[in-house]
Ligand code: HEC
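Here you get one chain, nothing else, as structure tokens; it is the form predicted alone.
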């Protein structure tokens, strides 16, 4: 059975059936909570991505100390700010190479784009508020206070990384540069095959991630220790962009558009912590308010006989 993204909320979607979701030409799978931000321009032939200042250039003064603290928090968020993190994630898990890598939502391309309106909370957000959302959704935790030491240090780090970037100008490499939805749609069963071959070695057969002692070295991709149903990465289109450009680690841009969409769908067809915006304890109501027009996602969709969005603890 071939279906369109618009009908996702009402269709049964067997997890292991070899059935693909068809593309719908009139639908824009890029629709997300930041559509007011201008699209990142393509990098011109021969043009290099912006290069943030080198770590060795951090000044040896009070400002430099704060920047270094921000970098440490960025790399080791769970260990250094455990009161705000409710899973096994760190900032660097979604923003590769200390937030420096192009097409991995680099800090240098994000900081100068705020304040900006976000549909997600229907308000103009500062960069600090944007980071608070990351703690609440991607880290399934608690938002630090705006004037907290944690957010002050992370802001200083992002500010330093964006030295030389024009204010309000979308830079090539911003975001995840999502691949277009393939003509034949995506297929969860094919995604499992890609996952088993390309992802399971690092992230575990059951998506549980890998630890060395108490430290998570590869993040869990579903289950109680992963990002929740409100995180941007729960969108299949967003995850496909991140995966294609950055995974397998060190071998980014080796998966086709089809493989990226398929494996992103497989990952996001698994249960994870509940969306903290759950409306009246009702998944369908929450989908209607927050997920129905939030890119391509499976929240509130029946997969393998079970409605996703139940949440896990």
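Numbering follows the first chain given and starts at 1. Treat the numbers as computed from the prediction; the structure is a model and nothing was measured.
Although not depicted, the form predicted in complex with this ligand is the subject of the following passage.
The three residues 110, 198 and 233 all sit with a heavy atom within 4.5 Å of this ligand in the predicted complex. Contact annotation: this ligand lies within 4.5 Å of heavy atoms from the stretch 213 to 221 in the predicted complex, the single such stretch among 180 to 188, 213 to 221, 117 to 125, 162 to 170. Although the partner is absent here, residue 71 lies well away from this ligand in the predicted complex, with no heavy atom inside 4.5 Å.
In the predicted complex, this ligand sits beyond 4.5 Å of every heavy atom of residue 276. Heavy atoms of residue 131 reach within 4.5 Å of this ligand in the predicted complex, making it an interface residue. In the predicted complex, at least one heavy atom of residue 227 sits within 4.5 Å of this ligand. Contact with this ligand in the predicted complex, judged by any heavy atom within 4.5 Å, is made by just one of 255, 269, 283, 67: 255. Although this ligand is not shown here, in the predicted complex the stretch 238 to 264 places heavy atoms of 238, 242, 243, 247, 248, 249, 255, 263 within 4.5 Å of it, in sequence order.
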